[in-house]
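Heads up, the chain below is alone and in the form predicted on its own; it's given as C-alpha cells.
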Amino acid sequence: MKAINPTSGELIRTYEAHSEKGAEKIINSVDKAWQSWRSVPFRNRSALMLNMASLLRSERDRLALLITLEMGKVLRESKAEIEKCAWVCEYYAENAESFLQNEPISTEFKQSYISFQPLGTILAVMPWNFPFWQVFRFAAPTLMAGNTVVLKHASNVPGCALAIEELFREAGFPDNAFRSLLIDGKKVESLIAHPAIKAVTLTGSTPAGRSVASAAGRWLKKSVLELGGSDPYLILEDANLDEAARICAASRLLNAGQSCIAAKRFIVIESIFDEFSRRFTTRMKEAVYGDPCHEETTLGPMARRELRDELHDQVIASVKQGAVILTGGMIPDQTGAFYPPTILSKVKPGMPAYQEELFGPVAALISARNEKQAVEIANDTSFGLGAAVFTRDVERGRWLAEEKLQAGSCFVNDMVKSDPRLPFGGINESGFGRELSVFGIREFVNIKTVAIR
C-alpha cells in the first residue's frame, strides 16, 4: 500500500497490507477488548479521551505535516483539523455520560426507562479528504459509548491510519480498543459480514455508500452513511455581496474544494448576478496555489492526479454543453495534482456542473429569476447534505433554511460546517443517519426498554 505525495508525485512510503488472516486476528482482538471496555465507567473513558485531546495538541505539528504530505491539504488547514479533533474528544469526554444516562418514562409499570447500551465492535470506512477529523468525529462518541472500533481508512493515507491507532494506544486506551486495517476496499464487504462487526459507518461517495448499505442490509447490520453533496448557496437580491463573495469563495476552496459540504452550486438572483459574479471571481482569483507546506499557499493540490483529471473532464463536458469559464479551467503545466480556482457561468440542467458533485476547486454559477426559482434549483438535485442562503433579512433566511431548503444542514449568512455540538448528516443520496451531538453518540447503541411491574 503506497503513500504518494500529491504535490511532488513522489513515493513517501510503502506499507505492508494486512492479509486476510491478519485482518481476522485483529477483528477478533478488538471484539475481545470490547468485552471489558464496555464495562469501563464513564469517568475512566472520559479521562482517556481528555488524554487524547491533550496528545493531539502536543503532536499537532507532526500530525498536520503527515496529513499534508499524504493528501495535499494546506498545512494551516491540517493544523486546524487536528485542533478540531481535540475539540470533539473534549466534547464527548464532557457530555457522553449525560447523553447516555437512563431516561425514565411514565407508564403503568412501577418503573420503566430507556437504557443506552453499547453494541460491540463498529467498522468505520473512512475517506482521505479529512483523514483525521472524519475518523475522530466517529471514534470519539463511539468509544465513549462503550464500543470498540475497527478502521478501514482510504488507501492513500495509510500513514494517517496507523498514526491514529498509535495515538489511541499512547493516550492509554486498551491496545485493541481501536485498530486500523490496511486492506483493499474490495474486501470491505467481507469485513461487514464478520460476526464480530455489529454495525458499519461510511463517509465517502454515493456509489461506495450503496455498496456498503447493500452489504449491511444483507447481513442485517446497522449502518450510517455520510455521502456526497452538491451544496447550493442561494445569494438573494438583498445579500451583502462582499460578505457573500468572501464566504462563498472560502467555502469552495477549503481543502482544495475536496469536501462533501463545500459550496458547489451558487444560485444567484438575476438582478445581482453580474455584480456577484464579478466580486466572487475576484475572490477566487486571490487564491495562491502551490506547495501546501509554504506559508503563503492558500490552495494545495488535489489528493490524486486521477481525481484532478476527472474534475477537469467534468469542466470540459460542461463547457461543451454551453457553460462559460470565467476563470481557471486549465490544468497547469507543473508537477503535482494541481487545479486552479475555476468558475463556470451559464450552468444549466443536464451539465455535469449542474447535476454532479464537483469534488475540487470548481464553482458553478446559476442564475435564478426570483427566490421561488432559486429554491427550486437548489432542491433540483439527488443530494441533500448542506445548503446556505445569504440575505440581510435574517427571518427570511431562517424561514428558507428551515422550511424550503431540502438538506441535512442549512446555514444563513455563513458556510456549511460541522460542529461537535450540532448533528451532521444528509438526506437522499447524501446518506442517512447522523454524526456528532447527542444524535451521533446514539447511532451505535442499543436503545433498550426496561420495564418493571
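Everything quoted here is computed from the prediction, not taken from an experiment. Sequential numbering from 1, following the sequence displayed.
Below, we refer to the form predicted together with a small molecule, which is not included among the displayed structures.
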Within a 4.5 Å heavy atom cut-off, is P127 in contact with the small molecule in the predicted complex?
yes
Give a yes/no on whether C260 approaches the small molecule to within 4.5 Å in the predicted complex, heavy atoms considered.
yes
Should G229 be classed as touching the small molecule in the predicted complex when contacts are defined as heavy atoms within 4.5 Å?
yes
Whether R137 contacts the small molecule in the predicted complex should be assessed with a 4.5 Å heavy atom distance threshold; does it?
yes
Just one of 127-135, 246-254, 99-107, 67-75 has heavy atoms within 4.5 Å of the small molecule in the predicted complex; which?
127-135
Could you work out which of A378, I82, M284, V212 is the residue within 4.5 angstroms of the small molecule in the predicted complex, going by heavy atoms?
V212
Identify, from the list T327, S112, S155, Q321, the residue with a heavy atom within 4.5 Å of the small molecule in the predicted complex.
S155
Judged by heavy atoms and a 4.5 Å cut-off, are D31, C160 and F173 together in contact with the small molecule in the predicted complex?
no
